[in-house]
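Encoded as structure tokens, the following chain is the form predicted alone, with no partner shown.
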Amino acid sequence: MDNRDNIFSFEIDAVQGFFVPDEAVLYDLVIAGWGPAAVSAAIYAARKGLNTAIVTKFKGGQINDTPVVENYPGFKSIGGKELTLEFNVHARQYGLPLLTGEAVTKIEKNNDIFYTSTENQRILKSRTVIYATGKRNRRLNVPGEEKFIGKGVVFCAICDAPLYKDKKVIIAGGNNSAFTVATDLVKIAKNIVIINIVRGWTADSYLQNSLKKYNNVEMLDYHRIESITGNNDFKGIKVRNLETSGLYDIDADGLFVEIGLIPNSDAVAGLVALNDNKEIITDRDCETSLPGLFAAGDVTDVTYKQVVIAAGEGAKAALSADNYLKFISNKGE
């Protein structure tokens, strides 16, 4: 029996395929993250015989929130959660130490040893690291946002869109993701208001045009959400017209925040070089500015953010880590 439903438990025994990393062990490699890049890195590292441990806050990465992944080799079309499951079924056969539910908070290097710290004060030691933690949703950072997350303020349209059937919703953002969410919601929501803080919509023209045929969509360009309103229940927003400085209320049942993603690079800020977007700068071999520390996937400055590219970069990072370990081993002889 495949028993796929149980592969994500917090402490999975070796029979099921994973077990918790040992803090007393000096690993060849520690991988931070468990999205496509990290899973691919783990598979390649295991096949190279590297003693590898993985630590991750979330299981599956951004594809867990993706309804359909198209044209991933071997799958013409597959759900994001289903593809994540396939990744894990593949990876667990190697019997890797996997620690889930704990974010990496800091990585340090001392005397050629990396120390990967987690939010629960665990420390894993290794000779190399692959950092593949992906990105997270950007917040509005306005009063009321934190209070109503999950209670009117939504970051996962895939998860929560069905809850807003025949209701009025607001979408914050003027990019492709905002308009994609609007295209999905327009079929079920009563009314949609799209709010763009900058002047000029950045979504592709075909996405913008696809909404123009609907009379239940209002587009507010060059407006800023100032706060989320409501006492015990979400009520709506206060929004400012940046052209006139006028401030007014918009009542709604929900707010979908689609204003981009932030790289999860905080744990290595100050340790490796980042670009202006806080993405980790890597070379063609996925090596960062710090020897022995490699990075892969959406957390890096790789040009295209695609599942297939992240998986390829993860494989490359693992092969590069293996070559690095061979180099320092030969150097020491």
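Since the structure is predicted, the reported quantities are computational estimates derived from the model, not experimental observations. Note that residue numbering follows the sequence shown and begins at 1. What we label the rigid core is the largest C-alpha set whose atoms superpose within 1.5 Å from one form to the other.
Below: the form predicted in complex with a small molecule, not depicted.
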Check residue 240 for me: does it contact the small molecule in the predicted bound form (non-hydrogen atoms, 4.5 angstroms)? no
Is the gap between residue 34 and the small molecule in the predicted bound form 4.5 Å or less for some heavy atom pair? yes
Answer yes if any heavy atom of residue 51 is within 4.5 Å of a heavy atom of the small molecule in the predicted bound form; otherwise answer no. no
Do residue 102 and the small molecule come within 4.5 Å of each other in the predicted bound form, heavy atoms counted? yes
If you check 269, 281, 26, 68 against the small molecule in the predicted bound form, which one has a heavy atom within 4.5 Å? 68
Partner-free chain; cross-checking the small molecule in the predicted bound form, the single residue of 227, 177, 191, 210 with a heavy atom within 4.5 Å is 177
Which is the contacting stretch out of 144-152, 193-201, 246-254, 130-138, given heavy atoms within 4.5 Å of the small molecule in the predicted bound form? 130-138
Does the C-alpha of residue 204 move 2 Å or more between the shown form and the other one once the rigid core is lined up? yes
